[in-house]
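Given next, in C-alpha cells, is a single chain: the form predicted alone.
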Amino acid sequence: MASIGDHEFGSGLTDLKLSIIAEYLQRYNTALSRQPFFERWYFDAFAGTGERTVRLSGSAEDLLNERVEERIERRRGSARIALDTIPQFHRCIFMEQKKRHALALEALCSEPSYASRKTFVLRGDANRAIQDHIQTVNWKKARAVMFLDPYGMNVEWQTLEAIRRTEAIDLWYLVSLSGLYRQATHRGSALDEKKRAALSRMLGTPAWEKAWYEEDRQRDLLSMLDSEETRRTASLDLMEDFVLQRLRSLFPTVLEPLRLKNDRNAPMFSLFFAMSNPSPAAARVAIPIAQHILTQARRRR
C-alpha cells in the first residue's frame, strides 16, 4: 500500500534538475555563512512531498544475464534536499496545495533530524502564499533562495513581480516548454480565451500572441473568398527566448536557461536562474556559482 509520502516520478531530467538545486543550495549557504548578519531562508513552492518514488524497470533472463526484478527506490525531493543542506538554512518554507502532499511535508519536518529546525508548511495556492508571505519579511536582515517548480504553467507574473520587489531572493524557475507549446495552439482559431488568459497570466503581457503568430490567408474553395487565419510561426527557441526577455525585463540578472529534455530527447522544460538583488556585490557571489553549475549541467546532458 502506498504511504502518505509516495510521490512517484523520476527521470534523468528530474535527477539533473535536483542535482543543480542541491549544489546551488550548498554553495549559496557556504558563501553567505561568511555574512552572519543575514539569515538564510529557503522557499519551495509546489514542494510536493519532500521525496520521490522512482520505479526502476527489470529485465528478463537471457543467455548472458540473470533476470532483474522491477524495484522501487525512494530518493530525495527538493524539500528534503533543502533540509539536508550544510550549512543549514535558518528557515525553510514549503508551499503545497495538495492536502496529501502537505501532510507528507509536515511529517517530514517533524522527523527527529529536522524537528528542532524552523520549518513551515503553507497549505494552499503557491501564488497567494508567496505574494502574501514574502512582503512580511524584513529583507534587510534576510536573504533567500526560492525554487519554483510548478505544475504546468501555474506561476503568475504577479508572483514574479513580488519576488523581484524583495531585492533579496535568488530564484530557480522551471518553465514548462511543453506547456507553452500546448497552450499556444498551432492554429490561432483554436486559441480560446482560457488559453490566452493562461499564457498572459504567466508571461505578464498579451504581446506573446503578436510575437508568435502570423496571418495565414487561405482561399475558401466553396465561397471563393479569402478567409483570415493565424498560425503559430514561433519556434521553440523563439518561445524560450521570449520568456527569457520577459524575465530580463523584470529581474536585474537572468542567466541563459538550461533546456531539459525527457528520456526520449524531447524538450520539456527550461530552468532559469534569476536574481532579484540589484547589488553588484551580491551578483559577484551568486552569478559565478550559478554559471558554473549550469555549465557543468550542460556538459552532463
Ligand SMILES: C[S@@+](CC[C@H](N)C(=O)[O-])C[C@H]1O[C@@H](n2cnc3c(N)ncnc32)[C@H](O)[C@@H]1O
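Computed from a predicted model, the values in this text were never measured in an experiment. When you see a residue number, it is the position in the sequence shown, counting from 1.
What comes next is about the form predicted in complex with the ligand, which is not displayed.
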Partner-proximal stretch of 157 to 165, 107 to 115, 122 to 130, 193 to 201 relative to the ligand in the model of the complex, 4.5 angstroms, heavy atom: 122 to 130
Residue contact check: residue 41 to the ligand in the model of the complex, 4.5 Å heavy atom: no
Proximity of residue 98 to the ligand in the model of the complex, heavy atoms at 4.5 Å: yes
Proximity of residue 46 to the ligand in the model of the complex, heavy atoms at 4.5 Å: yes
Partner contact for residue 285 in the model of the complex: the ligand, 4.5 angstroms, heavy atom: no
